[in-house]
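Here you get one chain, nothing else, as structure tokens; it is the form predicted on its own.
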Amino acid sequence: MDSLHLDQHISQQYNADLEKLRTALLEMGGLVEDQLADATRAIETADGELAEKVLKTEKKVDKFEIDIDKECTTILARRQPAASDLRLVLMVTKAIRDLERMGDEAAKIAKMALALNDDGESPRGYVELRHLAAQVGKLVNVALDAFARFDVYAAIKVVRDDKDIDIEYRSSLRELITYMMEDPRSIKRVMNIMWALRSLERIGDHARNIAEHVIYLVHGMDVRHISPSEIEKQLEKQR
């Protein structure tokens, strides 16, 4: 595990402000994790009330983004951070956008749950949904943990595992499309599951983004569009 030693400042308030950013981001992340779990469960159990809860939670996620973004702007203006402090603030501004978009996707899954309540249960897709949701939920958790511990190698694992989620998603789509061709009467209901799967895949992408932000935070490396193996090679060169 790599560690990032944020500068300690004469101003205790400055230290507290930076720590507050970290805590707020993790609290927002925890809320999004709950939202994702609830949205998936709402589809599996046809629980309309749980789906409505997810939609209401989205407002809390949006407020987190606004409040944290304001705090970042204040720190940039008043403290003029440098080095690792600056990277932390910039990383948080990017990560909260990814978390907010995860919340949006969870809300879309909840809407699909409500649609299935109206249209009737889908004849296929729940096994695929459950499996992909478990993978994505784990990915989000590891990405947030990587930030909490400044763990670059956990972040690299997220980048690598997101590719597996993409493969799983495409495989699930092929199976469901084949089923709809065999039974056109099921198209509308199966499509609701497919849209939910699409949202899960996008949440995985945002988790990968957060992991890439963690690598930037710890090492100052922009690793977007770079393979996990190449990231590891570049890290070895810095040792």
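The first residue of the shown sequence is 1; numbering continues from there. Quick caveat: nothing in here was measured; it's all calculated off a predicted structure.
The next section is about a form of this same protein that is not shown, the form predicted in complex with another copy of the chain.
Of 161, 85, 98, 151, which one comes within 4.5 Å of another copy of the chain in the model of the complex, counting heavy atoms only?
It is 98 that has a heavy atom within 4.5 Å of the partner.
Proximity to another copy of the chain in the model of the complex (heavy atom, within 4.5 Å), stretch among 152-160, 122-130, 138-146, 85-93
Partner-contacting stretch among the options: 85-93.
Taking another copy of the chain as it sits in the model of the complex, is residue 27 near enough to touch it, meaning that at least one heavy atom pair lies within 4.5 angstroms?
Heavy-atom contact with another copy of the chain at 4.5 Å: absent for residue 27.
Considering non-hydrogen atoms and a 4.5 Å limit, does another copy of the chain approach residue 134 in the model of the complex?
Flag for residue 134 set to no.
Please run the contact check for residue 50 against another copy of the chain in the model of the complex: heavy atoms, 4.5 angstroms, yes or no?
No - in the model of the complex, heavy atoms of residue 50 and another copy of the chain never come within 4.5 Å of each other.
Residue 60 near another copy of the chain in the model of the complex, any heavy atom under 4.5 Å?
Output for residue 60 is no: heavy atoms all beyond 4.5 Å of another copy of the chain.
For the stretch 56-93, which residues lie within 4.5 Å of another copy of the chain in the model of the complex by non-hydrogen atom distance?
Contacts from 56-93: 62, 65, 66, 69, 73, 76, 77, 80, 86, 90.
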